[in-house]
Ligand code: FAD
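Coming up is one lone chain in structure tokens, specifically the form predicted on its own.
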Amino acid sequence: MRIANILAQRQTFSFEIFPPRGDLPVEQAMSIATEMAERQPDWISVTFSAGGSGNTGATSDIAARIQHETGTNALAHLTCLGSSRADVDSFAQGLIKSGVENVLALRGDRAPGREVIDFAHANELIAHLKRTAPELCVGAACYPEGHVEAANLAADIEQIKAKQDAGADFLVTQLFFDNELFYRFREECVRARIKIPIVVGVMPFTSTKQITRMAFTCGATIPAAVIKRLIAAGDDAGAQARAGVEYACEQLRDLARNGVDGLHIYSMNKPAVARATHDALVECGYLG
């Protein structure tokens, strides 16, 4: 089912997984996805590359198997840096032939070997997909604190508007740890006449090292409430992970109360994280 159609009917709940490294990435990912599908998410997204591992070939295979073997909608990520029109067309047609109806169109991170070929920005990729693969429902990314390369939030919102104008059907946010920043961002989007649904992405941090890396990579602000919990956890890895999941569940409950269009969990391939976040949203009444 097209994700835009689901969002038109109700608030959504979804997970993200990435193709793991190794000789059997599809089988590993399917084991994770199958366990997450038991929570009956509206969709499971599959990233285009696991942290730059180059493991992009598994994305469409995993998405197709999620769609057919678990009965859960799949959302396949597609990045355009380093890709030609022929590469994009081949990927899109492969999704369509396999029955996957949803794609998240991204520019992708800059990295050696990922130079501009035919697409410099995500809005160019979105416009191309809407022209050449109208069967697909196309999502796009947005950044509540602004993209790290944007001069300011206003400039970044102009880019979001360009994605909407290119035909994007919905948005998924980058992770953040301060809900107030999202609420301000949502208000700015309304002022900018951005009308497509905004699905909120939340990542439960599992260690001090991980959240520090995310802050530098994504430009995400770490609020005092998080820092205090990490100080209390000390060097205990288990305590750090519990603090991160508990904080994410509090974020999710607050977002649910404030009427977001959907909640998307960056699960880091951890079914236990998926279970905890799902259960928190059942408890607060967001999920039945």
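Fair warning: this is a prediction, and the values are worked out from it, not measured in the lab. In this text, residue numbers run from 1 along the sequence as written.
The same protein has a further form, the form predicted in complex with the named molecule, not shown here; the description that follows concerns it.
At a distance of at most 4.5 angstroms from the named molecule in the model of the complex, none of the three residues 246, 256 and 283 contributes a non-hydrogen atom.
Of the candidates 102, 179, 164, 79, 79 is the one whose heavy atoms come within 4.5 Å of the named molecule in the model of the complex; the others do not. Out of the listed residues 192, 215, 96, 150, 150 is the one that sits within 4.5 Å of the named molecule in the model of the complex by at least one heavy atom. The named molecule is not drawn, but in the model of the complex it has no heavy atom within 4.5 Å of residue 137. For the chain shown alone, residue 128 is not a contact residue for the named molecule in the model of the complex, no non-hydrogen atom being within 4.5 angstroms.
Under a 4.5 angstroms non-hydrogen atom cutoff, the named molecule in the model of the complex has residue 109 among its neighbouring residues. Interface membership of residue 185, defined by any non-hydrogen atom within 4.5 Å of the named molecule in the model of the complex, is ruled out. Exactly one of the stretches 141-149, 202-210, 88-96, 128-136 approaches the named molecule in the model of the complex with heavy atoms within 4.5 Å, and it is 141-149.
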